[in-house]
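In the block that follows, a single chain appears as structure tokens, in the form predicted on its own.
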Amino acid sequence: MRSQAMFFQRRAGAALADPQLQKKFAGLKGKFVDSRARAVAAYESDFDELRDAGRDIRDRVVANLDVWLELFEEKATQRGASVLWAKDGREICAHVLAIAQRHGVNKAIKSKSMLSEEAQLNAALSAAGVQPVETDLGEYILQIAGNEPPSHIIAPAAHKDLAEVADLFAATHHTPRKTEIPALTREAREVLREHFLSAGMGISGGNFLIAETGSVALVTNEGNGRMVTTLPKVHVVVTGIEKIVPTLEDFATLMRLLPRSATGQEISNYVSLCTGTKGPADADGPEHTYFVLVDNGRAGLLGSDFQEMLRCIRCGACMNHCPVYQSVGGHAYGWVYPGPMGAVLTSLYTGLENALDLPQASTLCNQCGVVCPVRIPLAELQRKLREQQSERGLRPWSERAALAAWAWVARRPALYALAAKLGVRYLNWLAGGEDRIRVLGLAPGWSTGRDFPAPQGRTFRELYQSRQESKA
């Protein structure tokens, strides 16, 4: 997926001005939030202790990532799989196309894989004469809608409503228009069934790679993941190098966190552990298994100020709780990963200079950090990105000059107190006796789409001094 992150402001503005899109997001707001809250409340033990355990597992992996990757490669190879390494999207495509050519594949069925979006794998497969077929229902809807990008990592078609899907299915499948979800789901299942049975290769992502067994774990709510990984004779797993967990016990701990944080479920409908190739006694399974383990910017985070981002388990809780994401949706962010985690990852993976507005796409309210199951300090990471932007001169000169002036004044308490006192008087004058300022003179952009609250009373210093004097 080619990054459009440079155009966040324009795309966010278009999303805010789209009444149909706003109506859809209004219906979505709170859905996952309420589900997660109920799941956390119903958890039989201390959920915060579970979050600590999840954080510790992920930190243990990241601290010795090379060791766990080597162990995974050894165990996966022992079980008959081949482990390949990819530096970037180009190498991902090259590996997958070479595998397809080696096995004479002309159709590949896919379960949801964000990394294949990073690599634009579908386009590469199509160009090479291999038909890619998305089998996750949301991804399938987006594919027949003209290869639209996903707008949410666990609900990729969240920006489409029932009527749009009904129109899309009728036009694509040449069937009578259906408006009931079960009927539409059945229709998709019938269409996809033929692809499951005729594809020569299955491509999946991986929620986790388990080092001690050389397995990939897939967590889904649809049965397509199992079909993709067991029916074709070739299974290719494309996943990031940071997805490793040391043991099955560690995996079990993270599985208590992932579904509860993502959809509010105690456990997903399908949890699959795929290990190696089909054995003589196995009823099904691939004859050939390949793991394509991808860097694409991840190794560069090791030892950096952003290493904590490698803990991410892609649950989507941060975007479900983010007021910015809930207002503008995922497409505004312009790349594979939306929301707070996307604002950080896109800036790091595609270059800060190519995602100038994403570190600003946050109120820093830290709702994302509060709900992150592995305690990634997302607001703090966004603040660090803002610092780097300022240091590298990537923000407008007026903004940098204003911040430099504020920093100079803030280091001089007496001057800061005087400036704050005058500022409060100015804002109260600007409000004209109302509790809100309609147009903020020095920064009109702030009040273009909303009012600015007028200060109430005097500054904190004045109030504190007044209280101290009344006690004397």
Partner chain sequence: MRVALFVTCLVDLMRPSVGFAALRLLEAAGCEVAVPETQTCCGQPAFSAGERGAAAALARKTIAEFEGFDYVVAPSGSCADHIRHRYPELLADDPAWCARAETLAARTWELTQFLADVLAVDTVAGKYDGSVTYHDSCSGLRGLGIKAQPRRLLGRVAGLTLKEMPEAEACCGFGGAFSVKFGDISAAIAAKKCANVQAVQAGAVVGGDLGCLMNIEGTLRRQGDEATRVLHVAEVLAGSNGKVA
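Positions refer to the first chain, counted from 1. Given the structure is predicted, the values throughout are model-derived calculations rather than measurements.
The form predicted in complex with the partner chain exists for this protein as well; it is not shown, and the discussion that follows is about that form.
**Student:** Which one of 164, 180, 387, 295 is close to the partner chain in the predicted complex, taking close to mean a heavy atom within 4.5 Å?
**Tutor:** Of the listed residues, the single hit is 387.
**Student:** Taking the partner chain in the predicted complex as the reference, which of 153, 244, 109, 361 has a non-hydrogen atom within 4.5 Å?
**Tutor:** Residue within 4.5 Å of the partner: 361.
**Student:** Can all three of 29, 383 and 454 be found with a heavy atom no more than 4.5 Å from the partner chain in the predicted complex?
**Tutor:** Looking in the predicted complex, the three residues 29, 383 and 454 all sit within 4.5 Å of the partner chain (heavy atoms).
**Student:** Of 38-46, 65-73, 421-429, 52-60, which is the one stretch near the partner chain in the predicted complex, taking non-hydrogen atoms within 4.5 angstroms as near?
**Tutor:** Answer to the contact question: 421-429.
**Student:** Would residue 353 sit within 4.5 Å of the partner chain in the predicted complex, counting heavy atoms only?
**Tutor:** Because no heavy atom of residue 353 falls inside 4.5 Å of the partner chain in the predicted complex, the answer is no.
**Student:** Taking heavy atoms and a 4.5 Å cut-off, does residue 400 contact the partner chain in the predicted complex?
**Tutor:** It does: once the partner chain is placed as it appears in the predicted complex, residue 400 has a heavy atom within 4.5 Å of it.
**Student:** Please determine whether residue 461 contacts the partner chain in the predicted complex, using a 4.5 Å cut-off between heavy atoms.
**Tutor:** Residue 461 belongs to the contact set for the partner chain.
**Student:** When the contact criterion is heavy atoms within 4.5 Å, does residue 395 count as touching the partner chain in the predicted complex?
**Tutor:** Yes, contact at 4.5 Å.
**Student:** What residues, if any, in 435-458 have a non-hydrogen atom within 4.5 angstroms of the partner chain in the predicted complex?
**Tutor:** The stretch 435-458, when checked against the partner chain in the predicted complex, contributes 436, 438, 443, 445, 446, 447, 448, 449, 450, 451, 452, 453, 454, 455, 456, 458 at the 4.5 Å heavy-atom cut-off.
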